[in-house]
Each structure stands twice: as C-alpha cells, then as structure tokens.
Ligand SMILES: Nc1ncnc2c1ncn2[C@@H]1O[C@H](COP(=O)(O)OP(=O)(O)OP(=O)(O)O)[C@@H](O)[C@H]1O
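One chain follows as structure tokens, the form predicted on its own.
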C-alpha cells in the first residue's frame, strides 16, 4: 500500500499530511504537521532556500510521527498566473467497442493543442465524450467507430512550476502532481446541486484570492487576485500606526464588515509605545475599501465572462479570510445573491482527520487529500475528474528524485 504526502503550501501556513489508501476506497491519514510558512509570497516562491528547508522539516516531522517514509508528494499551486482553455480530441476506434486505450488516445490528441513556450500544462480534464456524434457520459465499453473528447486544459507559468519542482526535488521528494487551488477547493466543497445550478467559489487566503465558476461538468472560468486576509491586516496596521501582530489581533477580535450597531471602543497599542482608542466604525472604515476593491475586481471579471449569478446557486466563501466578521452579509449585499461560508464537506471516507479541519481555513488542504484519494484509487488508469461520471487524466510532468 503506497504512502504519500499531501502538502498545502501557502503564504502563511504549511500543512503536511502523510496518508495511504485504506479499505473500500477510504484514505487513512497517518499524521498531520502544521507550521508557519517561510519564503512564500503571493502564492509563489520568493526564497527557494527557506521554502525548501521548511518543506523538508515539516514532511520529515510528519514522517516521524507516522513512522513512515514517503517520496511522492501532492502539492498545491496558487491560481495566480493560471489559465484555462478548451480543446477537442478525436480518434478512430480500432475494434468494435471502445476501450481505455481509445479514450487515452483521444485525450492525447486533445493535448496537442499549441500553448506558449512559457506555459506548462498541469491539468487535463475531460468534460464531454462524443461517440459517433452522440454525447455520452462514459464511453468505455460502448460500440462506435469514432470517439471525440472535449477537455479543459489548465496551464501555469513554466517558471512557477519549475521553481516548485526544484524546491520539492531539492528537499529530496518527488512532486507526483501539482494541483491548482481551485481544483482542490472543488473537491472539498462543491456538491452535486452546486454543479447542476452553477456556483461561484471564492477562496480568500492569506495573500491571494482564488475564484472558480463551476457549471455542470465544467469549470467555466478561473480568476485569481493578489489580495488576501493579510492585506486587511496591513491596512489596519498602517491606518492605526500599530504593529502587524496587534493589527491581526484587532482584525480577528473586533473587525467587522458592517457599520451598524452599538459602538465599541477598541484600545490600540501604537508603534511609538503610546496607545489610543478607536471605535468599531472607524475600524470598519479602514477595512471596507479593501473588501470593496476585491469584490469589484471579481464582479468585473464575472460580468466579462457572462456569468449570471442570479441564475445560479450563488456563492461559496471559503479560506481563512472568509471568517472575517460580516463578510458573508457584505458579499451577499454586494453581489445580490445567496452566500454561504463553508469548510470541507463529507469527510466520511477520510479516516483519522480531526474535526478542526472542517474549518474554511483548511478547504484547500482537505481538497488535496480528496484529490489524492481519487488519484491513488485509480491506480494510474486515469482516475475520476472533479465531476462524477467523467474520467480524468492528468499529466505527470515530473521525474523521480529520491532523497539523497
């Protein structure tokens, strides 16, 4: 039974799980290690040496706790600089019935689409199969002469991918797959009903915000923004002339995205050693412009994409930044739609994972576990996509590099 690591590497935190496939499709979590992230900024590597050291130390601590050794790693990638496009592949069926071989061959032809040299394919996700001009959910075993497949291809900047690859291999591990944050979040959060009606997923992390528009068997669009919860903290620190540590404490305890209600006096330690009192409405006036800026950018992008929020099931808010007081109601009023703040759902098949990981802060982490669970279950035969009934084939773009 193969044991592997799942790594959620963000700008603020680093979470590592050692896991292995269990019985009847379950995933057994053997150990979880959480550390402060080092060397990361806005979802990319800023200091390779620091990230490598932090990654190596966290995985080895988790290995020690689980009494195991791993080589394979599933690692997340921020959606900043990611792009998505659609391609069509086609193949002639050599026998009477369609086999796995024809499906993979059709997908390979779809992957031959020309992409810029500075970009790298990280996901190839089948969304539609057509057998002799008839759309089907699963073509394997069907009679037919010609098989076509529509795929979504997600690409990322080659430099970003190669730097993460170098980091993981330099720490002595094998980056088995890199998983886009939006893809991991879909595994963790999106239900069948959401897919059918359509939903917008907004993940507010420490320094970036990732957005996905999901409808039926497709990711309609992906967007990412270099704004996160840390920017709200920074705004408070600058606006009140206090430290980042105090600003974070004030944000968590007092900040709220609504100005109504009883005024509350907040004592603020100043950088010069003094202190002052502010009201909760003054604090609101500091954080409001940042929330308005982020959601204005999102609204402009979804309008350009032709996304009609009122015709969908609304918005899922997740990530550590989603827990800002009043953000749910602010978002609902801003977009004029239903909003829910959500953490990972349906952890029944992930064994030995504490309930604390149902918090929105851990959506990407749990989504990575679920993604790895599906990939390991598939035993290299393509696995399932993020949407049921559609098979998924992802490109393994790395070579093994055992620890030396």
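Since the model is a prediction, treat every value here as computed from it, not as a measurement. Numbering follows the first chain given and starts at 1.
Not pictured, yet referred to below: the form predicted in complex with this ligand.
This ligand is not drawn, but in the predicted bound form it has a heavy atom within 4.5 Å of residue 361. Using a 4.5 angstroms threshold between heavy atoms, residue 110 stays clear of this ligand in the predicted bound form. Contact annotation for residue 229: at least one heavy atom lies within 4.5 Å of this ligand in the predicted bound form. Interface residue remark: residue 248 is counted as part of the site for this ligand in the predicted bound form, having a heavy atom within 4.5 Å. The stretch among 322 to 330, 135 to 143, 160 to 168, 216 to 224 whose residues place heavy atoms within 4.5 Å of this ligand in the predicted bound form is 322 to 330. Only one of 204, 186, 180, 316 comes within 4.5 Å of this ligand in the predicted bound form through a heavy atom, and that residue is 204. Of the candidates 252, 87, 266, 197, 252 is the one whose heavy atoms come within 4.5 Å of this ligand in the predicted bound form; the others do not.
Counting a residue when any of its non-hydrogen atoms is within 4.5 Å of this ligand in the predicted bound form, there are no hits in 163 to 180.
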